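Below you'll find only one chain, the form predicted on its own, shown as structure tokens.
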């Protein structure tokens, strides 16, 4: 049987995709470095232990320290994982996240902020370039969920769950992919960017409505962290789909642009 191929991803889409991957990894690791400097999140417009949602720290004696994570007032021992972890210098110290998960590894708020700001703008510029190129090339609309895709969401989910033998007919992207991309690109990522801007004293000074939108700078930390967690969850689901629907084919298409169509897929939408 002759394979059918389509040029799915443009050069701009491929370059920005891999740039996003690097930028998001750096942003997460540098964000955890920044979090370590104030390892708590409050549902308040200022630091308020009475409205603390999450706290990661250490307790005990100098001879027997232990890591403690508190979520909505319920504490758990997390020594070696969170609270009392590797310090990046060959030992352990009271710090929320371990050195292997932060950038840089040893505690360094200033460098963590530099990494975070640089790659935050890198991600924003890459997204803008992807959006402009998508509009000019007419490919951005292929990622957007349409009313006609909604009835196909359930059959597609059943196919992923192995409860249906074949997926509903679809074009370049299946309906679940469109729903996910629509939420991530047009809802989640803009919220991450805006909540990040709300944390900046400079932005708060020149555009206070942005900070007010998230309930103040302290509350914006909670929202920013939550949006980051959702983005990580999306990445995990994304990787499951990549490997579950043909890792070699998917990765090759994101390197060369060419994608081998399955029997149920069409070139158009």
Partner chain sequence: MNRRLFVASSIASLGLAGCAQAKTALTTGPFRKVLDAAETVNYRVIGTRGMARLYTDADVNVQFRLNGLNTPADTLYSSLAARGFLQYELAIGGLVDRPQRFSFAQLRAMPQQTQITRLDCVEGWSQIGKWRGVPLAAILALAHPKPEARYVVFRSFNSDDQGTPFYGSLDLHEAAHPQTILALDLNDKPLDLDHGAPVRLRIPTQLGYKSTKWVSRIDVLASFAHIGAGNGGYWEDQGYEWYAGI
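Remember, it's a predicted structure, so these values are computed and weren't measured experimentally. Residue numbers count along the first chain shown, from 1.
Beyond the structure shown, there is the form predicted together with the partner chain, which is absent from this document and is the topic of what follows.
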Inset, instruction - Determine which one of 71-79, 137-145, 113-121, 169-177 lies within 4.5 Å of the partner chain in the model of the complex, judging by heavy atom distances; exactly one does. - result: 113-121
Inset, instruction - For the three residues 47, 205 and 248, verify that every one has a non-hydrogen atom within 4.5 Å of the partner chain in the model of the complex; reply yes or no. - result: yes
Legend entry - Contact of residue 11 with the partner chain in the model of the complex (heavy atom, 4.5 Å): no
Legend entry - the partner chain contact in the model of the complex: residue 51, any heavy atom under 4.5 Å: no
Inset, instruction - May I ask you to check whether residue 103 falls inside a 4.5 Å heavy atom distance of the partner chain in the model of the complex? - result: yes
Legend entry - Exercise: residue 29 in contact with the partner chain in the model of the complex, heavy atom 4.5 Å: yes
Legend entry - Heavy atom within 4.5 Å of the partner chain in the model of the complex - residue from 231, 55, 210, 34: 34
